[in-house]
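There is one chain below, alone, in structure tokens, taken in the form predicted alone.
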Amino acid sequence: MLFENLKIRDVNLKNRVVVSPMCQYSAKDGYVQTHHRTHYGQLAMGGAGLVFIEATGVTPQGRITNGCLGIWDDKQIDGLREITQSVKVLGSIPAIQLGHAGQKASMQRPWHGNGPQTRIDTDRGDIIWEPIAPMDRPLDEGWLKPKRMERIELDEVKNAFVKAAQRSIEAGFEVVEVHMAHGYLLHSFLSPLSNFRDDEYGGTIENRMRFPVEIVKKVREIIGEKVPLFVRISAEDGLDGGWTIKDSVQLCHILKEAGVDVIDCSSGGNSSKGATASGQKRKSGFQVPFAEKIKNEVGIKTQAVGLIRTFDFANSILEEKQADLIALGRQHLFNPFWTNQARELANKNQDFEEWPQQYRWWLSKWKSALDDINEKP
């Protein structure tokens, strides 16, 4: 099943393999650089049906780090369009993840510490800015204190997501995902650990879901009926008193009604311990049960993520109806050609049909030479 087509609205994916959004922390003032062009082109060349670019900030304030991509300005469209054109030429569908870091904004790049910025970071030329969040409580001791969002900030962020979605379509992205996971802004509204407001956007689960759902509805409206809409969630916080998988099922029923096509099922992150820390023991496919539960109980397509490495295991998730799409992140960094090599392992691509033409010719000669060697006594 891994190599079967999947049609979602007007987009036809050539297979069920997805390159997960993975921050590269290499943008300059939010703009695409040479690294991005090379990186995403290589991932598309590897054969995945859907290639996500990294979490892209809808405002400068919504970036995770100084090195994160942005889509808050029309001038950023041209650089992003270069990426989408490359991905399409190489046979994949380009997708974008729209995000706002909220309480986790203005962080260090991971290789500089992956924590709150300090003077050492500003000495490197980075800037520190004030985050915004549901509450004015820092993520942890030593972290920046965010500004509590009032009506003006709520409206500004909502409008920023709408404008970013519109720019995404102009830049050539064919799938749009709203980032609602990992402790970033929209997840922080959902979780009772980070949202204990006493207005219409806090308190009950219905109120905590209100702002993220409002954004999803606006994004669906602006991208139209032909474009698939994904939402990435943290299916559970994995922390006492936090967001639970039961809460996610309730949310996903509402997201489905709002026009969401696929739920991208991750977990954790609503703490200072890491982007996806949830206290859960990590093992191969450790988040697949979330995708299975939401798929079966909500009746919506899901995307499975989390230490999925081998072809056989990825395919089994689909065969057992636990998910509809398989997303691999770091495995694609280790091996950008994972999908094409998986085809070979499945004995479905002996002529290298899915490889770029420039590679196909050389690889067919290479295989012939190997076959000759193997046939010799």
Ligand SMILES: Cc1cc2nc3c(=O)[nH]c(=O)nc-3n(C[C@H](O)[C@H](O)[C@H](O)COP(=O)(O)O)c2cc1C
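From 1 onward, residues are counted along the sequence shown. Treat the numbers as computed from the prediction; the structure is a model and nothing was measured.
What comes next is about the form predicted in complex with the ligand, which does not appear here.
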Quick check for you: of 214-222, 121-129, 248-256, 176-184, which stretch puts a non-hydrogen atom within 4.5 Å of the ligand in the model of the complex?
176-184
Answer yes if any heavy atom of A55 is within 4.5 Å of a heavy atom of the ligand in the model of the complex; otherwise answer no.
yes
Any non-hydrogen atom of G329 within 4.5 angstroms of the ligand in the model of the complex
yes
Contact label in the model of the complex: S92 to the ligand, heavy atom within 4.5 Å:
no
Is V11 a contact residue for the ligand in the model of the complex, using a 4.5 Å heavy atom cut-off?
no
Option touching the ligand, based on a heavy atom within 4.5 Å in the model of the complex, out of S168, S194, T302, Q97
Q97
Taking the ligand in the model of the complex, which residues of 1-37 have any heavy atom within 4.5 Å of it?
S20, P21, M22, C23, Y25
